[in-house]
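Shown next are two forms of a single protein chain, provided one at a time as structure tokens under the names structure 1 and structure 2.
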Structure 1
Amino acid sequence: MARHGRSHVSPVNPLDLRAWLAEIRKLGELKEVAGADWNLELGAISELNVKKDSPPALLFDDIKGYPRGFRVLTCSTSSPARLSSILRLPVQKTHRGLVEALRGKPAQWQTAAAGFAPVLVSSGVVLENMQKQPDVLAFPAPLWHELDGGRYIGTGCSVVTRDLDSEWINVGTYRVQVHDRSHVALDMVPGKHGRIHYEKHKAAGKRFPVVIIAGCDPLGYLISGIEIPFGMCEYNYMGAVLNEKIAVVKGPITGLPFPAAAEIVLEGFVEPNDERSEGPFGEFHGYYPGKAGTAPVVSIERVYYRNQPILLGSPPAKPPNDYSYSKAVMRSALLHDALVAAGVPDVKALWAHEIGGARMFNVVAIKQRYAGHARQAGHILSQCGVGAYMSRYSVVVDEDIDPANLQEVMWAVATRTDPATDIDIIERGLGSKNDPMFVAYRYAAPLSSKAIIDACRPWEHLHDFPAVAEASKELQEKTRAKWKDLLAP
């Protein structure tokens, strides 16, 4: 009990996108765009925008064929300032500042998550409007890329599902393709948590309840789009980041919870065995993978939305893309923690490169402590829960190499490896039908090989390995100080 006899009510957070938009508008990080077309133009503008050095977030209004106010937001997470504000860290203008501010936080959030179960509230702005006759095309779902198989209402979205034999609620980001006004397909890759929930319902012949959140505070899709441990609810993790529990309302049809200030929510069921064609779709690694596959289709029974709803889009494409920056930052931090948790000592720095969509080319720098340390770090990087999906190259370098600097990393690969002994190959690893190389693999299932490149100086030769032919730190500093004008960047 608090003083004055009133019970203490902790603040709850309904994941209101508009509060966050007001903040980034003040920071000068938001640009409003009028008159663009959902048919390829939103996608192409966003794609070109994100290739700029400091891309703003884009809020599209007056979208062709749609009433004013039915908006789409893109590029929400693609700058250090916006990403730090989403993560409720002190706002950082530089990439280095963000990485430093983030250090150690994911491990703290994960530990704290158990204490942040979401709080059920009776109402919220998400319920301002309801469609009993669902029409998902009332919202300007874009055709993002020229060869996409259709319009995608879900990219920067979160999909809420429940386990069949436990109370575990999972919130994952899976792309959502519009089939018609009341049917959407869900591309959940095997092994993803929502997919596991689905497979259990399918095996039991049961309807699979689904809620799709197509817009809220971007913390929502930032966390639902990254590998949070099996069995943990992402709402708890988001609460730990915010230091406030998430306020959710319960879907009247499915009982599944969604944020009280969500922008647009679709609610329905996958009927047993209702799987239809899905894709193709331009993906995070920069290709349209293979051909269209099949995916479970959700029959939408209700749509809820705020007045003047904002669809949160996050279109993938050849990197850098809408979310490659935020995924590089987040996955690097989570992988660093995963290696430490697995007992790898002296991890100095780690980077999941944007060129590999923050999945396919990951580099860790260690201070070698014992024979075999480098291989241990490389194999765990390649196989841990956060990293295993589509990890193609895992590179280990010594601590004098900056793992985020490709020039330095590839110099170490070129000069500190003996290919015959320093590249380990794992066959039949966790791959994906979305892998552009899948067409050429000899496996029928989504398996792929993985390489671990040990680009550290050989352990037995740490002391007689040739010295680096570069001015020493001290000589560099002295020279820079003396020749300031000549050497200024």
Structure 2
Amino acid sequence: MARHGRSHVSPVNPLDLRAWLAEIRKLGELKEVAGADWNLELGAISELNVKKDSPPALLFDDIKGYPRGFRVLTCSTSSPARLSSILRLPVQKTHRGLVEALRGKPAQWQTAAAGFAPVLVSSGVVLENMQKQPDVLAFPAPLWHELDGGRYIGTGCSVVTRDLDSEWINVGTYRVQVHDRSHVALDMVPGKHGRIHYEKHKAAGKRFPVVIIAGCDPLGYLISGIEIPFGMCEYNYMGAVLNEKIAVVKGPITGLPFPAAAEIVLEGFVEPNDERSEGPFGEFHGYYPGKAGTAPVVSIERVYYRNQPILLGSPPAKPPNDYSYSKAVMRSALLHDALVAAGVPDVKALWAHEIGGARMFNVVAIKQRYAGHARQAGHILSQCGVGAYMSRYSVVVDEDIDPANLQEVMWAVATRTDPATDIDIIERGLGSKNDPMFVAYRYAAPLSSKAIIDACRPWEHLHDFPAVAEASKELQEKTRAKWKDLLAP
């Protein structure tokens, strides 16, 4: 049964989803939707919404079969304005502006994280209600797609675990499938920090404590889903982004910390060797890479939630999907910084395209300074630490091309390349068994070939290459300013 009451809220409470929703509502970035069905319809609406040019965040209420006030939020990170707001940057309206505002920030946040250990508080709004007899189906966990293996309560979630041999707390984003009212499957990819914690407990024959944060400020799942150093707690990193320490309460059952301002929290244990069927579920590249597998199952012992709770959904699908924009922005900034750190000069712009899941089709624009500059940029883009995993195509264009504009990029590929000399192939590069093309590869190991496409004007012909038949940038800007009503997007 739920315990209702009025909780004391610490003044140190910066991960409140309601405060962020009020902010984006003022920006005109939130749309409320009533009457959708959790069974496929909510997922289909979100999928079609995110493919629009300027998709709003969607807050679903009056969901079929559920009481009013039990809500689901989707498409939270899929615009420059919302994503810059989540990252506490000045609000940006363009892709390039957001990438530029973000450049250098991850390194700064990582350096500052040590000074932002979370603050333990005794209470918070997340404790307004408690289920001692858990029923995770009390929340409208969607069946997102027709081929999914079940309902997923965890897509825009954060999963809290502790290392068996130390006090290291990890907060990772792993998908969570509902098995029944008190059991959920937790899919953690081998090598991920949460999976390492689980494997240690499994090898020792010990119960594995888990907390699942199924609703919170989107910053929580955004940071939980990026690569930060082994041994660092994501709560520290979030605090550095906020420039304010996270208020957490300690789970009474597991002792694991979770945000005092969270919306919905599940707490329990994976019993030794309790692994069951999980999936299938779509992946970031837009495919189902395999059939149902197995995953550890969490036996839920407590559920905590706010009054009128909000479940945060962020399902993968054929790009663009719910979170592909945020991945594109984050990885574009990281790749830009990586190229500059590797000594590539005059990197003007970079975009990790959503169509490739922000991994498989990346484009950099440079101002050519010397012979071989374009090839250098392309190979480093393909092979640097941030970019090597599943980097199928790396394209280099001149500075007059917007790397985020696929029409411009492919125009450069079509008109500035000689296929025989401008495409380099790297064989046996870093790939993944999660790659949909893995079924066709001749390798047993997770390898793949990679292409570097030099779509810059040939260095030897920079000065005699045919001129582009279009208005100059200056004339375009002057014309847009004069005819802004006619030419508004």
Ligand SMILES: Cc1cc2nc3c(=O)[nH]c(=O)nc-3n(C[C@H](O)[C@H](O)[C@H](O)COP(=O)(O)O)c2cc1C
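Quick note, the numbers are simply positions in structure 1, starting from 1. Between two forms, the rigid core is defined as the largest C-alpha subset superposing within 1.5 Å. Worth saying up front: this structure is predicted, and the values here are computed from it rather than measured.
Comparing the two isolated chains, structure 1 is the one taken from the form predicted together with the named molecule; structure 2 is not. Shown in the overlay between structure 1 and structure 2, fitted on the rigid core, is a CA shift at residue 42 smaller than 2 Å. Core-superposed comparison between structure 1 and structure 2: the Cα of residue 392 travels 2 Å or more.
Positional change of residue 63 between structure 1 and structure 2 stays under 2 Å at the C-alpha, relative to the superposed core.
Once the rigid core is matched between structure 1 and structure 2, the CA atom of residue 361 is found 3.7 Å away. In this core superposition, residue 476 moves its Cα by 11.1 Å between structure 1 and structure 2.
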